[in-house]
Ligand SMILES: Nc1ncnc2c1ncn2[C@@H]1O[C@H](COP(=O)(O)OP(=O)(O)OP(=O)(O)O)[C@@H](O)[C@H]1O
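Just the one chain here, the form predicted alone, laid out as structure tokens.
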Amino acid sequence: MGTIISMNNINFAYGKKEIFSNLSLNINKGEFVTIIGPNGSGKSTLIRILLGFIKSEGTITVNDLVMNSKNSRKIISKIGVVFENPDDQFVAETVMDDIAFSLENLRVKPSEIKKKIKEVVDYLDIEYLLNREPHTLSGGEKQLVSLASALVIDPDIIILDEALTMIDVDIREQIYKILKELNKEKNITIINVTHDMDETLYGDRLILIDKGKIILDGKTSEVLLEEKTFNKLGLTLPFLAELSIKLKYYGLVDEMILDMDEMVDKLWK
């Protein structure tokens, strides 16, 4: 499992306000990474730097290509991105045309475009939206369509930047299960940027950022043991993480358990 994203010695400031100073971060192919942090921590800015939307000092390499004006188009063509505000990503008059837009830019054959759209809308169960105009959709529906547009290009990397905030909790849980399947079955690298601690349960690696610095970075089940660090930043651990810590203290479990079914089985025994 080699490195798919490498950010080295990133420096960036808004005017005189320093955001990042010599920040370095490597992400391996096939990882499901959650980047968490309080508002204003710099996590969304980091993603925009990674995508080349914001210029910074330092070196960024994606899929063995250095991010620069020559390579940026090729790099972005293999990254599916979903931002918090889906309205910024709509370009066509219907949902179908919008999902097809990226494929048309990649000069995919019309017959193949239809096939790929069917696959992704069936996967997300949004076929009923195809003939709708984007402006008539609810916020959650818009985010689902944006996710479909990101997935339809068969990306090597999916980046979610507060991307599912408007989707009902139950549907959001199903979407994350789908993303985990894609992560495991197709070895797609997923980066989920969020301020919602419950979303950390879906990723394998957890990175905590505050004031432009990486505070914690490691396996999710290990990073979540640092309860005091999260609380200090005003972040409350997910229920299963808090429960695991308490049960571990009393010797009822040996490790962090972040799956409800696994927790029930452990306690039932």
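Not measured: the values here are computed from a predicted model. A residue's number is simply how far along the shown sequence it sits, counting from 1.
Only in words, not in the display: the form predicted together with this ligand, which the text now covers.
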| property | result |
| --- | --- |
| The single option of G58, P38, P238, G218 touching this ligand in the model of the complex, heavy atom within 4.5 Å | P38 |
| Stretch from 228 to 236, 22 to 30, 43 to 51, 63 to 71 whose residues place a heavy atom within 4.5 Å of this ligand in the model of the complex | 43 to 51 |
| Candidate spot Y128, K177 and K180, all three touching this ligand in the model of the complex (heavy atom, 4.5 Å) | no |
| Distance check, Y14 to this ligand in the model of the complex, heavy atom within 4.5 Å | yes |
| Exercise: R172 in contact with this ligand in the model of the complex, heavy atom 4.5 Å | no |
| This ligand contact in the model of the complex: E162, any heavy atom under 4.5 Å | yes |
| Proximity of K116 to this ligand in the model of the complex, heavy atoms at 4.5 Å | no |
| Any residue of 230 to 266 that, in the model of the complex, places a heavy atom within 4.5 Å of this ligand | none |
